[in-house]
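Here we start with a single chain on its own, the form predicted alone, put down as structure tokens.
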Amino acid sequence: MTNPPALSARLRGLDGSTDGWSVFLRARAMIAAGTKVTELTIGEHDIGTDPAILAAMDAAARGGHTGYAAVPGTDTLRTAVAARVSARTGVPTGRDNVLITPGAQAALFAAHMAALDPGDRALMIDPYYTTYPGTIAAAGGVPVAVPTRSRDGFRPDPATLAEHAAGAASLLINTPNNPTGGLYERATLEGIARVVTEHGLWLISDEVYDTQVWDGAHLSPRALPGMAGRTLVMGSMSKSHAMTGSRIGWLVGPEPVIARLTDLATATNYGVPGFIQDAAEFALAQGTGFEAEIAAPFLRRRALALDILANRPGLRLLPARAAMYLMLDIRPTGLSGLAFADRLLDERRIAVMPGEAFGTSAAGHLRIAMTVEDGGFAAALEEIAEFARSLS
């Protein structure tokens, strides 16, 4: 028997390691075996998609919108997304600036396909969401992590960005931020804009948590002077409307880029099911009040965390300004984030994500998802604080 042909170098180069996810995988195995574990790992709402949205999806499917849908998205959904973006950012946005994608992850891939030629360096801020390096590599790029510091709230420093920018093609940022719960203020974004403009980079902005802001206000870098023509923005229904499994998102950018990415979508996913698009359109029509209801549990749990974790020995809560996550600095315990998380799971049956899952800058930290009901969340925080005290 002859050997099969080799896989492509592109596919072989994808990093499938799960080192940082070992705690999550162990927790899931324990739960499957019948052990009770409090999961504070992934960013999944503890509520399902609203029944009214599901009813709209069902009605659209039963009404016949189950055939091929327009590849860039239905005209009505693209128009609705454009109106939402215009209202939230102040940047005039039309239907032709919007590509509907199977979730923000597909938009992330599409943006890098637009920005990168094979072998191009693509910058990303460390710590970063776990799919970023693999997505860049899948698009043919070389991921380059730009370090940040815990004491600065993991905000990117323009001087450090500039040191890495020579010869790069793109910069990926995420505000509001996963995993840190941070929010980039205008001064930070203006510094980023200067760097990408001076070095001729595309700016790719992941803004899927734009409805989850607790302290301050979200500013899209696309709204800064001169940035609309070099910025690609990802959005999604997953976090704002608890529609994670529906896989419905978008990419916003200059019209010529969106037109070319429609060609890419035709050659890859061939669009998003029409009945899901109709449900997303219905969900957007519910307005900002509905989005605030979806975000409200995380605002409550943030308040609980600020109270419970204040002045606790062995840990430091970083400013929790946005998103459904908390970032804890546990370096005073002398343990790495992974070691702490492993012991917390074994000894207290609480699962959190070690900072090492998100790059090197967050080593010695934990990411805690605020995704269990309030009472259980408060009890878990008390346990974590007590565990940190016992170690320190």
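All residue numbers refer to positions in the sequence shown, first residue = 1. For clarity, every value in this text was computed on a predicted model and none was experimentally measured.
A second form of this protein, the form predicted together with ligand PLP, is not displayed here; the remarks below concern that form.
**Student:** Of the options F275, F154, F298, Y129, which one has a non-hydrogen atom that comes within 4.5 Å of ligand PLP in the predicted complex?
**Tutor:** Looking at F275, F154, F298, Y129 one by one, just Y129 meets the 4.5 Å heavy-atom criterion.
**Student:** Between S238, N97, T148, Q212, only one gets a heavy atom within 4.5 angstroms of ligand PLP in the predicted complex; which residue is that?
**Tutor:** Only one listed residue qualifies here, and that residue is S238.
**Student:** Pick the stretch from 100-108, 162-170, 67-75, 224-232 whose residues have a heavy atom within 4.5 Å of ligand PLP in the predicted complex.
**Tutor:** In the other structure, the partner sits against 100-108.
**Student:** Does R247 reach ligand PLP in the predicted complex if we count a contact as any heavy atom within 4.5 Å?
**Tutor:** Yes - in the predicted complex, heavy atoms of R247 and ligand PLP come within 4.5 Å of each other.
**Student:** Using the partner position in the predicted complex, report whether N178 sits within 4.5 Å of ligand PLP, counting heavy atoms only.
**Tutor:** Close contact exists here: in the predicted complex, N178 approaches ligand PLP to within 4.5 Å, heavy atoms only.
**Student:** Within a 4.5 Å heavy atom cut-off, is N174 in contact with ligand PLP in the predicted complex?
**Tutor:** Yes, N174 lies within 4.5 Å of ligand PLP in the predicted complex.
**Student:** Given that ligand PLP is not shown alongside this chain, does M124 nevertheless sit within 4.5 Å of it in the predicted complex, heavy atom to heavy atom?
**Tutor:** The answer is no: M124 has no heavy atom within 4.5 Å of ligand PLP.
**Student:** Using a 4.5 Å cut-off on heavy atoms, which residues of 192-210 contact ligand PLP in the predicted complex?
**Tutor:** Sequence-ordered list: D206, V208, Y209.
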